[in-house]
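Taking the form predicted on its own, here's one chain by itself in structure tokens.
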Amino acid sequence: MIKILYITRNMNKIREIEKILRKLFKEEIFSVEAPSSDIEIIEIQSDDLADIALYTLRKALEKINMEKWDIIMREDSGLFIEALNGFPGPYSSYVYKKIGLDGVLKLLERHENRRAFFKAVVAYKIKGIDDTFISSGEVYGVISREARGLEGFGFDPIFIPDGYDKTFAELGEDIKIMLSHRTKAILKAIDHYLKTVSNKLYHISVE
């Protein structure tokens, strides 16, 4: 069993990652857990998702026994809206909490350009290797005119991925997992890990 510590208090992310790994690997080889409550998750304000994820990971590593885990990961993600010059970007979580979906839609009321993308950056540490690493993934689409759908979380009800006419929240988990920025970033990290610890066993392509 490959043990992953995913540094988050957002259990929606933990559940999504478990489903990503179950969908893409027939064998149940991964165990995903959140850190215990005594591990403080420290974030910084930055315009760079990678800086935020790396800082949080490195601060957490000061308190975590690496020997208990095969991989330790921290992800930071954001919704980047073209007409708003990339806003909310790295501040997406804060913006979601403060103004929600309706607030973002209101900011776009007078804009015809609805192009946007989600980006996820994963900072991770592999047991036995001194370095920390970064992987990333993006998914492109448009912002809907109204919130639609009941599945997913965060900005999923207002994001329509390219090639579809429904939001992530309408499309459901299976399609979101296939397309998502988080899936792409996680799989690059997992692929790196598997190449590091084994020759061909469980190897996947994430291109």
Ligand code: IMP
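We number the residues from 1 along the sequence you see. Every value quoted in this text rests on a predicted model; they were computed, and no experiment measured them.
Beyond the structure shown, there is the form predicted together with this ligand, which is absent from this document and is the topic of what follows.
Of the heavy atoms in Tyr124, none are within 4.5 Å of this ligand in the predicted bound form. Although the partner is absent here, Ser92 lies within 4.5 Å of this ligand in the predicted bound form, judged by heavy atoms. The closest non-hydrogen atom of Phe87 lies beyond 4.5 Å of this ligand in the predicted bound form. Proximity of Tyr164 to this ligand in the predicted bound form falls outside the 4.5 Å heavy atom cutoff. Of the stretches 140-148, 29-37, 65-73, 176-184, only 176-184 has residues with a heavy atom within 4.5 Å of this ligand in the predicted bound form.
Residues Phe153, Gly154, Phe155, Asp156 are the members of 152-171 with a non-hydrogen atom no more than 4.5 angstroms from this ligand in the predicted bound form.
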